[in-house]
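Just the one chain here, the form predicted on its own, laid out as structure tokens.
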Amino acid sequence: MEKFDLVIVGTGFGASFFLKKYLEKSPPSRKVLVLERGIMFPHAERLKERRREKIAEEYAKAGSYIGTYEYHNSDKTWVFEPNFGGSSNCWTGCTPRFLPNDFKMKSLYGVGQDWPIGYTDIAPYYDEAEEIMMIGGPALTPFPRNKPYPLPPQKLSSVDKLLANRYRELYISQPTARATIPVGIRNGCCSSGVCELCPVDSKFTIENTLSSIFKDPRVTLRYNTTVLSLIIENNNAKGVIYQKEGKNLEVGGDIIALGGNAIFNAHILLASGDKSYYTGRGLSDQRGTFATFYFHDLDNLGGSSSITANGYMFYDVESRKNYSGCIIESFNEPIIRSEPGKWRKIAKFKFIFEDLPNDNNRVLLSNDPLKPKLEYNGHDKYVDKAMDHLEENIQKYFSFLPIEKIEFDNYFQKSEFHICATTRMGNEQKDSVIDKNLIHHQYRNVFVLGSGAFPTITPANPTLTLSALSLMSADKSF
């Protein structure tokens, strides 16, 4: 059997940031194997596909998330990108930090679980992740910072500026990995509002920024390899079993790092015989809803990028004891009011609520070793209570604007495209799957990366935090 010092599953955010730090700390003699279930589907070829131009057959057959898991609830979708770079290919690039109190939900608000780390533990790795992604952000933020963002902030619209003047650090230009000026091979944001596939390659992706780490002579990268399980002996992982071209193969590793998403990391552990109560449990995501504001005498002009701002006015407040905190996103995608003389007297906001991981929402084994089975019974009432107070909170914080009317879409988004909390971190095995360094409580040479590690999920986007956790894990553990 082939043998490597480190075997990494996946090439998304969690895996790539972990690998970057591991290589920085490792000698030239180390051997690393990276197993990627998909292919390299280059950005240039993705653009051709979107323009309906002819592309090579290998790209035309690139896999999607559809059909990769067994699921029977049409009210909720679980979306991800299964090729090289993972969901860096389809994310929007929103990178707010978590707030300090997000790590202490049980202690402060009596809900969820406390994290085994605090904001000060992860703060240096936030700095590092922001430098790698070249984040643009404002000087004034609701979370502590030790140095400025690498790039200047996105520009605010006229409506955003009124809110920012009133609420200061509670309404800011959104920290974002959509580069505000050209950097490296990335162009400045074109503000076209199609960020899931950036037409000018402005948005950070693994391909445009971190692909070099996979070309390191210490690294072997294999595509079209789906990991089935770990090889466990005496509570120690000796390697992994993976499938390629219909054949099951084995490879040895002194250290295993699971860098799939929260569905597949949990599935691999379950298939390996992991009996922890919390493995696979807590499958969760934020819930979001849109509201469109119509104004009397206020034009919504200017701004840059698809999402210009984040509002924190009812994110971390006393009511969090009773219902979800909320982060606000100001959408600046093209929107016109279809009334003469009122074309730009309109604004669109999204209100995104945290959920509480529920043990009955979970990942299970199915009869197909390649496909996890998902059970999802809905979000917590903690979220419904927040929705009940949404109009009241909007009236409280937005009523100084000349609002003519507000239209709500009256439903929660089926997905915020964030898959969290199935391999939660904690101090003890009785309430978690992995420790504060993302090492499995039972299998002490197995790292479990990504947002599955979150004991609670916050209103804020998870990508920056899961990337920082990978940097911290590799830095603290080697």
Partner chain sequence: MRRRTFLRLAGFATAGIAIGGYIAFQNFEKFASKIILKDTASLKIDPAEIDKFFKAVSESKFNVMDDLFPFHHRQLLKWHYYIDNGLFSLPYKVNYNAYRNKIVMIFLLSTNFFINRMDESKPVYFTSVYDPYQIPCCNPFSNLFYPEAGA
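What you see is a predicted model; the values in this text were computed from it and never measured. Residue numbers count along the first chain shown, from 1.
Below, we refer to the form predicted in complex with its partner chain, which is not included among the displayed structures.
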message: If we define contact as a non-hydrogen atom of the residue within 4.5 angstroms of the partner, is residue 202 a contact of its partner chain in the model of the complex?
response: no
query: Is there any non-hydrogen atom of residue 302 lying within 4.5 Å of its partner chain in the model of the complex?
result: yes
message: I'd like to know whether residue 50 contacts its partner chain in the model of the complex, with contact meaning heavy atoms within 4.5 angstroms.
response: yes
- prompt: Any of the heavy atoms of residue 226 lying within 4.5 Å of its partner chain in the model of the complex?
  reply: no
query: Residues in which of 395-403, 276-284, 326-334, 254-262 have heavy atoms within 4.5 Å of its partner chain in the model of the complex?
result: 326-334
query: Non-hydrogen atoms within 4.5 angstroms of its partner chain in the model of the complex: do 26, 150 and 210 all have one?
result: no
Sole residue of 391, 196, 250, 216 within 4.5 Å of its partner chain in the model of the complex, by heavy atom: 196
task: Only one of 135, 163, 230, 156 comes within 4.5 Å of its partner chain in the model of the complex by heavy atoms, so just point that one out.
output: 156
field: Heavy atom within 4.5 Å of its partner chain in the model of the complex - qualifying residues of 96-115
entry: none
